[in-house]
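Just one chain is shown here, as structure tokens, and it is the form predicted alone.
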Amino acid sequence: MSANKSRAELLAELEDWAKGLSNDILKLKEPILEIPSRTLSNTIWDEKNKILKLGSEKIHRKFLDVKEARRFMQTMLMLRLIVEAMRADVFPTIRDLYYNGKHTINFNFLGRKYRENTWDEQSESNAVIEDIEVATNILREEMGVSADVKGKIVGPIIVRSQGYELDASKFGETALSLPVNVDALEIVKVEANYVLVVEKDAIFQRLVREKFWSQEGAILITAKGMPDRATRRFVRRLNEEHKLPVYVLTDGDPYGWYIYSVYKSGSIKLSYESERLATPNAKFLGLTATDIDSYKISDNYVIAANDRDVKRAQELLRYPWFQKPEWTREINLFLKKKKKVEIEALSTHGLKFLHDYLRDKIRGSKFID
């Protein structure tokens, strides 16, 4: 991350990167992009800091390599679009850039006519943006490129955005939506005891309506499933800057457990950002395989695991960040019983039991670290 640099300085860095390539061409040298490899094999588990990090392996994208020429072209096209946007002081979305750069190139080669799309799917253009980020060490948020932000917060916290103070405790049954670049959000005042990250929006809405956050003096946050970058970054800021404990509530299945690990340790895809996105101190408060018996959840609320669930659980066992005894025990118990439960299954003891469950786990330190 390019801390405290102005947009003009960041623009100059991108332009310099491009000039280096163009100078090679002027010297009749083949332009080559050197980009850190964003693969599982180049993702390292940092045991000391408890986060995923990007390794030292790099790929060399050569313009004259037939296998790499298209991706080289895509990278240069996306770089041009981003630089033009920064020069014009506009803030495109990743979807804008996808459409802005999507067109068909017609050309002749050895007497044959060819038609080649710059990119076919947005996943291609998104991946190129990530390549530029990791190669230049400039985040897309710093470039002014935005994506959908799913994060919402409610609780005793006041933030300042573009000069306006926003009190997240005064939104009634709605919530304060997080901006794209949460580092530009000034945290003015926090009077919370802890942060509760809720996987599911429906549960988040329920806890807001029932004023659980007010009773507990807690900040509630949701990203409605797999978290986006802005939500992960804001959770990290609350823990790092304000020393608030972070608890994550998910369903009792391998997908919910993985979502927790993304908040805590980072993700393989964005391992180059783990140091600013991951919250190693986060605690797992969600449902476990053990909870089915411990909280006497009725069989009527238990769901049989499918093949996809089993495969995902087996993958978790292979990840170094799930090698703690508590997690291997829970995952192996899941694989043995092949049963999963949703947060809503706690309703087996009445609709108010969710509050008791959360307090019991927090007060009794019954979470997984």
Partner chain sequence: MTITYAYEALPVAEWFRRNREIAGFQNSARAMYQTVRELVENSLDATEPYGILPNILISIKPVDESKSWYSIYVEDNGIGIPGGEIPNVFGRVFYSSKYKIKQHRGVFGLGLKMVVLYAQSTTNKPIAVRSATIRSDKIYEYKIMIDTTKNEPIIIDRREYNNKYRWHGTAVKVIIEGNWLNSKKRIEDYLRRTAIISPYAEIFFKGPDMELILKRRTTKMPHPPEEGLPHPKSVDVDTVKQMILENPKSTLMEFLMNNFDGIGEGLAKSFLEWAGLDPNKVVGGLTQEEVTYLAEKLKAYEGWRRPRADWLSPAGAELLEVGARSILGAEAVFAVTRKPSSYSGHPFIVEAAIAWGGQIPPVDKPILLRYANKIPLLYDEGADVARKVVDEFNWQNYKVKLPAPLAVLIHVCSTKVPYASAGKEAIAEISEIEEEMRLALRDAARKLRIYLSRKEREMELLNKYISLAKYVDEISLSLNIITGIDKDKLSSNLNKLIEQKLGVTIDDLVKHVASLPAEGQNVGQ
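C-alpha atoms forming the largest set that superposes within 1.5 Å between two forms make up the rigid core. Given the structure is predicted, the values throughout are model-derived calculations rather than measurements. Positions refer to the first chain, counted from 1.
What comes next is about the form predicted in complex with the partner chain, which does not appear here.
Contact with the partner chain in the model of the complex, judged by any heavy atom within 4.5 Å, is made by just one of Val302, Val310, Ala69, Leu317: Ala69. The single contact residue among Asn239, Thr118, Asn181, Ser267, judged by any heavy atom lying within 4.5 Å of the partner chain in the model of the complex, is Thr118. Contact annotation for Lys170: none of its heavy atoms lies within 4.5 Å of the partner chain in the model of the complex. With a 4.5 Å cutoff on heavy atoms, Phe109 counts as touching the partner chain in the model of the complex. A residue is said to contact a partner when one of its heavy atoms sits within 4.5 Å of a partner heavy atom; Lys352 fails this definition for the partner chain in the model of the complex, lying far away. Although the partner is absent here, Asp96 sits far enough away that none of its heavy atoms falls within 4.5 Å of the partner chain in the model of the complex. Here the chain stands alone, but in the model of the complex its contact with the partner chain, taken as any heavy atom within 4.5 Å, falls in 98-106 among 212-220, 98-106, 198-206, 147-155. No member of the trio Thr290, Glu326 and Glu344 reaches the partner chain in the model of the complex with any non-hydrogen atom inside 4.5 Å.
For the stretch 67-88, the set of residues having any non-hydrogen atom within 4.5 angstroms of the partner chain in the model of the complex comprises Ala69, Arg70, Phe72, Met73, Met76, Leu77, Leu79, Arg80, Val83, Glu84, Arg87, in sequence order. For Leu64, the Cα coordinates differ by 2 angstroms or more between the shown form and the other one after the core has been superposed. After superposition on the rigid core, the Cα atom of Tyr164 is displaced by less than 2 Å between the shown form and the other one. In this overlay on the rigid core, Ala304 has a C-alpha that sits less than 2 Å away from its partner position between the shown form and the other one.
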